[in-house]
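Given as structure tokens, the chain that follows is alone and in the form predicted on its own.
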């Protein structure tokens, strides 16, 4: 194949991928479930941005009475130390989202790399990688998470690292099965015949067609990361003076918020976690429907 022909094929491939992506985004933005999910997620991101720049108080300011119900000065009341709950929630939203999406991105990177490599190259490479995945999948996740978190430095970075390491194996299985199907497609066979290397084919032909599946899994990995981090914080593991939804729940339970009927302290982080889950579920279901040939309805 001449250089001119290869250049034409490259241009046509890029144009085709861009058009598919543009059509998909147009359908997504007109899908009711997708719009609902995106609106909820956008609202949470907006809260995080507002919290970073415009939280009404320093979250560690203790000049107000403890366990004070909502007032004009403290719209969500105060906690057991007299700290402003609204400031904790606004700043904690940004921290929790950062932790969740950091875990999702790192896990997705590892899972996609392992899954595509195993599925495309097969043979001994596939056997070795999938045995590693099998071992990680059969290990009880949460007990191992608690053990690792108890022995490692109690920082957010540690939490992100531990949760990322434990979150990617299932995704790698999904990506591998999809890669086994995609590598039999005509355009992949044509790329092989044109002399492209395995990794060139993976990044040009395989991964672009896995983007919807990757995106769905990133969303749910982010939610899982937020919930897992909140769970660890609730059990007293991690950086307990970090401002996030999990530590809000921990201090509510540890300092007898239920005894003082401090509902204003419990509801905001709980609603934040629930809203994130609902938004992710709507968006994930919309993407799934749009990527299924027999579906795609609204």
Partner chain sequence: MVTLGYIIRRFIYMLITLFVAITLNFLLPRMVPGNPALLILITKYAGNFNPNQLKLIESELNLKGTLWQQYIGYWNDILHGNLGPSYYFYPETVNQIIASRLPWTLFLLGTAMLISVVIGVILGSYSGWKRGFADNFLQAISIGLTSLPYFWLALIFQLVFAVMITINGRHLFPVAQAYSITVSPGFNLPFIESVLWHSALPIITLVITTFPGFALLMRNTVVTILDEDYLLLAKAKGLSVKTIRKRYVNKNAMLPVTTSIALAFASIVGGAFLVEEVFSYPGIGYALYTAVTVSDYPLIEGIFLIITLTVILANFAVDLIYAYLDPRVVLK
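Bear in mind that the values here come from a model prediction, so they are computed numbers and not experimental data. Positions refer to the first chain, counted from 1.
There is another form of this protein, the form predicted in complex with its partner chain, and it is not shown here; the text below is about that form.
- Judged by heavy atoms within 4.5 Å of its partner chain in the model of the complex, the contact stretch among the candidates 181-189, 210-218, 149-157, 81-89 is 149-157.
- For the three marked residues, 55, 102 and 109, no heavy atom of any sits within 4.5 Å of its partner chain in the model of the complex.
- For the chain shown alone, residue 38 is not a contact residue for its partner chain in the model of the complex, no non-hydrogen atom being within 4.5 angstroms.
- The shortest heavy atom separation between residue 140 and its partner chain in the model of the complex is within 4.5 Å.
- Although the partner is absent here, residue 284 sits far enough away that none of its heavy atoms falls within 4.5 Å of its partner chain in the model of the complex.
- The closest non-hydrogen atom of residue 274 lies within 4.5 Å of its partner chain in the model of the complex.
- For the candidate set 193, 135, 75, 128, a heavy atom within 4.5 Å of its partner chain in the model of the complex is found for exactly one residue, namely 135.
- With contact defined as any non-hydrogen atom lying within 4.5 angstroms of its partner chain in the model of the complex, the contacting residues in 258-272 are 258, 261, 263, 266, 267, 270, 271, given in sequence order.
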